[in-house]
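A single chain comes next, written as structure tokens; it is the form predicted on its own.
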């Protein structure tokens, strides 16, 4: 039992409830989806009563629960209301879920990123439900003239057993709405959960599969125009001249002009990343007409020089970033990273005396790993609707950072913050791409200039060549073994363009007496941003592949080798900044070993293992791989996960399955390269994604059961599967894989055979 204080007053609750009643509601009626017969569908309430900003109760007991965070496919629109419903003690079949409006007075961290939605919303969501439940109990106690501590609840009903009195939530909702907000409430023990931990289908599922309008691209408004942009063809270029006369004269075209997304003196937020702030815009009646007119533009581009851009950081500080001039090339990137990796980097962590340990080592293993730039390639093209007038801006679309982009729109449009109305639609993918809302600002600036409602749409080529990529990375590892094959020293030097992927305090830090971590980075004008499991998506695979090679050199089973190191980190840790819990780390390795029958040989099946900690969660994979016509095929993936309490097993399993496929696909196939600043890949004819036939035949998911508060899950399944895949590939042909995408080395090996 946990007692928490309520920190939101009635004024704030009512403000949020009022906001919830307006704007664009993208809800799903459980009453409709749960009932197969028309006569089973309950009528909607005649009157609603707001108990707080997260929920309102109808006079017939139907409950509307607001889902505060953006929905990007991680299923928070189902899982977050489940948490509220659990503490409210309502029947889930009588719940309607609505997307909450952007309201930073009520909802904290209305952001989809960092796998933090459930983790950081856990207590506030539970408190909202528990607060409403307590208000209902107090209303019933007053009505029945009995002590409030004698009132119990179950499935949307209030009971007083001594007097045999009962009432539905709807009967007490009106009275409860006038009850004073309790100063503190009691939360349930995990053992008493009835909704949390049970599988619940996606509240938008029916609408998704029947093609109903949920996504930004679906949004329409009468009189809406269509806009598309043209940006520089390569990084390091800017607009020199524009002749739009022919395009402007074409049928259906309203105007052709240039915009600056951000003014030169604008101090950008961290979410304002944009490689091409000066754009050419074509506006017209239809998408097809605008696309045809855009081809008629006559544009000249020229190189830009070195300059600085000022950014505020996520934590609230500020920093200047140097943007170098020049047209960059992938071949030079590869050479540069190898050169920098051969030099001493910035020491981030040092335990013991690594230099001395390497000098006296009986064996030294040294390997380097690389990975390319990657594009996000969201399924739903980038888009945003804007209707900007002299006194208000209505902005509707898919964005992961609405509360940050609200500030950006306010500053760019010259409108007070309270005049910016951002309405969140469901997102057709993102995992980082929609953190950076320049496309929202672009739509707003275009609408302001046109003095008309406008929807901005990117083509696939627009987005794939615009940047905000996963950076290119390089990591060099060294390990020293003594004459008894004990690991006595570990050294990692990692960097990238334009950032390092290093996490100096993660495993195996803390498990090796002599440990050295160095990092480096190289500036670039190619814009990058968070890709699913930022930095971890590379460094985990490199580290776990290297640990397998060290284990083999030491003559040890790869799981046993890792568990030995984790036991050292637990019983006799080195250093004080180790950011993982050895017991939980070992727990997923032991679970995946058990569930996969590790050590049991199957003819024709090649196995690789990996485990990693990121976003507060622990994941271990075993990949089973087979060869077909000389090519590898992933037969099965076993996955063990410790993410604390699992709110919705269906959603959690989906995230793990998706993350595993994502990690396998990107490490095996995907790649963005550049020639004189121009991306070589602009669509899926050249940018390779995993195909259906290449996905694992099955993915088996197992959760560690505990009562730890939920931790991240959207991103942790991606990183470790890369290492497990690399290790399985090695078992299949005796060749180690050091550079992504792995398919390049596989195809080269096939050509040699």
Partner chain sequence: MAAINITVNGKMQVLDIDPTTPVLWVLRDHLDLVGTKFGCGMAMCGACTIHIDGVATRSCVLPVSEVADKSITTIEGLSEKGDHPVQKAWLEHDVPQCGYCQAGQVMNAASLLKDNPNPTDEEIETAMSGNICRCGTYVRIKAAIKTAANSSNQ
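Residue numbers count along the first chain shown, from 1. This structure is a prediction, so every number in the text was calculated from the model and none was measured.
Here the subject shifts to the form predicted together with its partner chain, a form of this protein not shown in this document.
Only one segment in the set 426 to 434, 338 to 346, 597 to 605, 87 to 95 has residues whose heavy atoms sit within 4.5 Å of its partner chain in the model of the complex; it is 426 to 434. Proximity to its partner chain in the model of the complex holds for all of 73, 531 and 650, with the criterion being a heavy atom within 4.5 Å. Though the partner is left out of this view, residue 641 does not reach within 4.5 Å of its partner chain in the model of the complex, counting heavy atoms only.
A residue is said to contact a partner when one of its heavy atoms sits within 4.5 Å of a partner heavy atom; residue 223 fails this definition for its partner chain in the model of the complex, lying far away.
Under a 4.5 angstroms non-hydrogen atom cutoff, its partner chain in the model of the complex lacks residue 728 among its neighbouring residues. Heavy atoms of residue 381 reach within 4.5 Å of its partner chain in the model of the complex, making it an interface residue.
Scanning 317, 555, 414, 211 against its partner chain in the model of the complex with a 4.5 Å heavy atom cut-off leaves one residue, 211. Only one of 254, 292, 593, 268 lies close to its partner chain in the model of the complex, with a heavy atom inside 4.5 Å, and it is 292.
Residues 661, 662, 666, 683 of 660 to 683 are found to place at least one heavy atom within 4.5 Å of its partner chain in the model of the complex.
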